[in-house]
Ligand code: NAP
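Listed next as structure tokens is one chain, alone, in the form predicted alone.
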Amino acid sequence: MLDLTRFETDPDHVHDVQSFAAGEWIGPDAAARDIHSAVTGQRIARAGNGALDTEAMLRHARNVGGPALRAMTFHQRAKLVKALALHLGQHKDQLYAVSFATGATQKDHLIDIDGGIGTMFVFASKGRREMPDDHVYLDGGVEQLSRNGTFLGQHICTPLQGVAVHINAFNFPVWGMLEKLAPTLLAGVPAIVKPATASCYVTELAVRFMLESGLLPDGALQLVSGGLGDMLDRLTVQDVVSFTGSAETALKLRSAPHILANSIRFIAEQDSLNASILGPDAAPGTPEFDLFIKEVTREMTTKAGQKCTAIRRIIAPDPHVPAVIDALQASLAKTTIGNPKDSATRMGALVSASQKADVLAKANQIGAEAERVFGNPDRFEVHGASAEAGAFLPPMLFHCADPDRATTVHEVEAFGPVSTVMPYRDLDHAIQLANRGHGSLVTSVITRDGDVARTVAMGAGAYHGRLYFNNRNSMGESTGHGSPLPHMVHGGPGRAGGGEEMGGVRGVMHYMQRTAIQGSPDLLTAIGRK
């Protein structure tokens, strides 16, 4: 177990992040990677074991975890997911304490840790309310296939008899795991979780809490801290890969010959160039304009901009662009950057020095087509920490005066506190610019005009996984541009990966097989028990 009394405070202590494989905890070996604190730069952990027996892990999941989960009904699995959420909720403070080393603030923890636990509660509730207390899920109604009704058809869903391999990103070490794990367990499929190495020590602690609860059947959950080795080459048609991360990595994994040859399910949620459109009616001085500035500021600074749903392109009516830039400059100037443990800090560090270097490189590319109008990475103030030792950056705002001729601002994402303002002539032009991201997870529109909302939905819906509309009437209860909710699908076409996570029971279906059954009424009733 991670020693919280020495973690990050004792410079001589390095935590060995372990994997949980085939029922055993296994520590790192000589090939392990060092992990450094995002805040201090100090080496705090190491992870990775090149000798993990991946075949034994898969066999353990398929032969032990899978049968145990499939023996439970949907309602029993839903109760299991709820019990796990309750148990994790009792250990939130310990997860908070460890997560500060990733550069995340307390508000960031609420999104990652509390958000992940909340997602489990939603899936548990939907499993009880929208799924049967049975082992077979009926998908749609009965189809009469004969004149007299003696031969009928129906679709059913049953659990896959393999394992779900979850490959998660560094930015949400808890939510990223739980938003995949909840529907997987509800479907009745065991999971092998592989978190990103940079923040895997947080995931390891959460996995330990769940395993030590005694709630999970043996083999239902395993953990790989470090590389997966040859695991993906050993998957079968009954297995699933669920991936979150960059488009480049997703392409490499999903195009592997073994994955393609066996038609192995590959669900991808990739980073994208999400946009926010200021409606033509949302002029300076309106509540909508102020809301727009608030949303953009929050999405640039929350998790230091390291969110797959963060606003990367700020699309505003040409006459309002100067006012948007002025308002964002004033708002971003209030952002206190520093030690995430300090309650006064509004933005912490990026997850690592390498991530900081990558963001700077991408910002330089954007700077070739746009003018930086706020944020100097060579001169900014950090409170309670060292800008040189930690992976800190200021929010950086760019202005692209000619987005039609530009390409980089629509194709290159700096995965940090970086966003670009660009003008539009009319609503059709705004939609065209939003769609130039070639597929995104979310685009938001701040407007009170129903015609504007409908026009954007019709023109941009095909390019975006979620359209978020907000104005003075809904802003008091809205959840925010960058908040994927378990009730709604999270994913997007094209660059965003072409997948859909969560979405209530829709997310559970990724781990089940839909089968058409045909026969007499009594046989169909026996199968579906309805």
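Every value quoted in this text rests on a predicted model; they were computed, and no experiment measured them. The first residue of the sequence shown is number 1, and the count goes up from there.
Just so you know, the form predicted in complex with the named molecule exists too; it's not on screen, but the next bit is about it.
Contact with the named molecule in the predicted complex, defined as a heavy atom within 4.5 Å, is made by none of M177, F209 and A391. Only one listed stretch (75-83, 337-345, 294-302, 164-172) carries heavy atoms within 4.5 Å of the named molecule in the predicted complex, and that stretch is 164-172.
Contact with the named molecule in the predicted complex, defined as a heavy atom within 4.5 Å, holds for exactly one of F289, Y137, F243, Y96, namely F243.
In terms of contact with the named molecule in the predicted complex, the residue from F415, Y424, F100, F374 that brings a heavy atom within 4.5 Å is F415.
Heavy atoms of T249 reach within 4.5 Å of the named molecule in the predicted complex, making it an interface residue.
Looking at A196, you'd find a heavy atom of it within 4.5 angstroms of the named molecule in the predicted complex. By the criterion of a heavy atom within 4.5 Å, H490 is counted among the residues contacting the named molecule in the predicted complex. The closest heavy atom approach of S276 to the named molecule in the predicted complex falls outside 4.5 Å. The partner is not shown here, and in the predicted complex the stretch 381-409 never reaches within 4.5 angstroms of the named molecule through any heavy atom.
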